[in-house]
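One chain comes next, on its own, written out as C-alpha cells in the form predicted on its own.
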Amino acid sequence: MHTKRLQFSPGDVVFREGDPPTSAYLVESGKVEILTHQDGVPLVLSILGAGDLLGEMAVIDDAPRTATARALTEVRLIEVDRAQINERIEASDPIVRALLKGQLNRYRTALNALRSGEAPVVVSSSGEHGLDADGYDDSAVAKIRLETQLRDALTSRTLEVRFQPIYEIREQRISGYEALVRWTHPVRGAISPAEFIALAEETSLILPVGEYVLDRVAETLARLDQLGVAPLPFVAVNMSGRQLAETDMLGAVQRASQRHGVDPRNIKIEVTESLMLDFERVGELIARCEALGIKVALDDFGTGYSNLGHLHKLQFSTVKIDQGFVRQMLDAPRCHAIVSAIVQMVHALDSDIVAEGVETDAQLQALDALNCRYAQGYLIGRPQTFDEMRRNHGLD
C-alpha cells in the first residue's frame, strides 16, 4: 500500500464541517487552522503544525466533521485511512478505547455548547446499550473499578495466599507447597485468579501483588518454624514476565525473608515456560539464585516452549510436568511414553521433577514407578489455609 500525500495552498479547505469522515491526516509540513462558527462568525479552535493529527475524531466515532480544516500556509498532509485507525483502536486495551470515546463525547458536548453560547453540560449518551452517561463502555468502567478495588485489597491485606501441597512420593510426606493468591471480592465473591492476575499483569499492580505474596509466604514459614515444624517445607512462588523484567525478584525474596527471620532457601522461585523466551534474564536469575542456594523451578513444562537447547543451558533445580500430560498418561500410551521420557531426561540433568494435576491413586502409583520424586494435584490436596497446613505437619 502506497502512502498518499496531499498538497494544499493557503486558504484551501481540507474538509468542511458536516463532511463525512473518510480519513484522518498527519501534518507533514505547514500549518492548518481548525475552525467552526458561532452565530455565523468564524471561530478558530486550534492551529496545527508538523506532527499533529487532524480529522481523527470524526473517523473514530464515525460521525460528521464537527469543524472545518483550512490551510494557513503551504501544507503537505499524509492521509491516514479509516481502516488504519480502526485496526489500532480495536487492538488496544478496552479501557483505552472507552476513555477515548468518553473524551470524544465530552468534546462534542462542549463544542455544541460553545457554538450556542451556552455553558457546557454533560449529557446522556445516545442510549446505546452498554454505555454510561459519559459515553464510557460499562465493561471498561467495571475493569477500572476492579483495578481500584484490587489496589484496596492490597492495602487492606485482604488478598489471601493459599498453599497447595507438594507430596514427596517415596518419602510419603508433604515436603513443600505452591503459593497461590486468592481474592474474595466483597460483592462478587471469589474472583478467578485468571481474571485478576491478568488485570494485574496489564498494570504495574503485578509488582506489589508479587511482593505481597512473598511477604505472606515468609510470614507463613516463620509461623511454622515457631510451631516447631522441622524440617521446614519449601514454598514455591510463581514469577510473572513483568516481575522478571521490572523488579529484582531475588532481592524481594531476601527482603521478605529478612523481615520475618526465615531462611530464603525455603522459598523456591517458579518461572513458566513462556519466560524461557527471555533466555538471558532467566539465566542471570538462576545464576544469582544458585549462588545463594535458592532454587528455581521451570513450571508447566511441555506446554509450548519446550526448547531443549535452553533447558540444557538453564540449570533449573526442578522441572514441573504440565498437568495435561499427567491426566492423560494412563489412558494414552503415547502420553505415558512422553511423561516417562521427560522424567528420564530431567533426572539425567540432575534436577528434581514434580508432576502436576495428580487426581487418582493410579496416577500416583504410575509416577512412583517412573521414579518421579514429587506429585501435586487434588489427590494430594487443594490449596489450603494456614490451619489446614498445620494438620499436614501433625499440628492441631
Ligand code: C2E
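What you are looking at is a predicted structure, and each value in this text was computed from that prediction instead of being measured. Note that residue numbering begins at 1 and tracks the sequence as displayed.
One more form of this protein exists, namely the form predicted together with the ligand; it is left out here, but the text below deals with it.
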Is the ligand in the model of the complex near all of Q164, G357 and P383, within 4.5 Å of a heavy atom of each?
yes
Which residue, A287, L308, A245, A194, is the contact with the ligand in the model of the complex, using a 4.5 Å heavy atom cutoff?
A194
Tell me, which of A71, V262, I294, M239 has a heavy atom within 4.5 angstroms of the ligand in the model of the complex?
M239
Which of 254-262, 219-227, 147-155, 321-329 lies within 4.5 Å of the ligand in the model of the complex, heavy atoms considered? The stretch 321-329
Give a yes or no for L205: in the model of the complex, does one of its heavy atoms lie within 4.5 Å of a heavy atom belonging to the ligand?
no
Is there a heavy atom of E270 no more than 4.5 Å from a heavy atom of the ligand in the model of the complex?
yes
Please determine whether R281 contacts the ligand in the model of the complex, using a 4.5 Å cut-off between heavy atoms.
no
Exercise: L199 in contact with the ligand in the model of the complex, heavy atom 4.5 Å
no
Restricting to 165-204, the residues within 4.5 Å of the ligand in the model of the complex through any heavy atom are E178, A179, L180, V181, R182, S192, P193, A194, I197
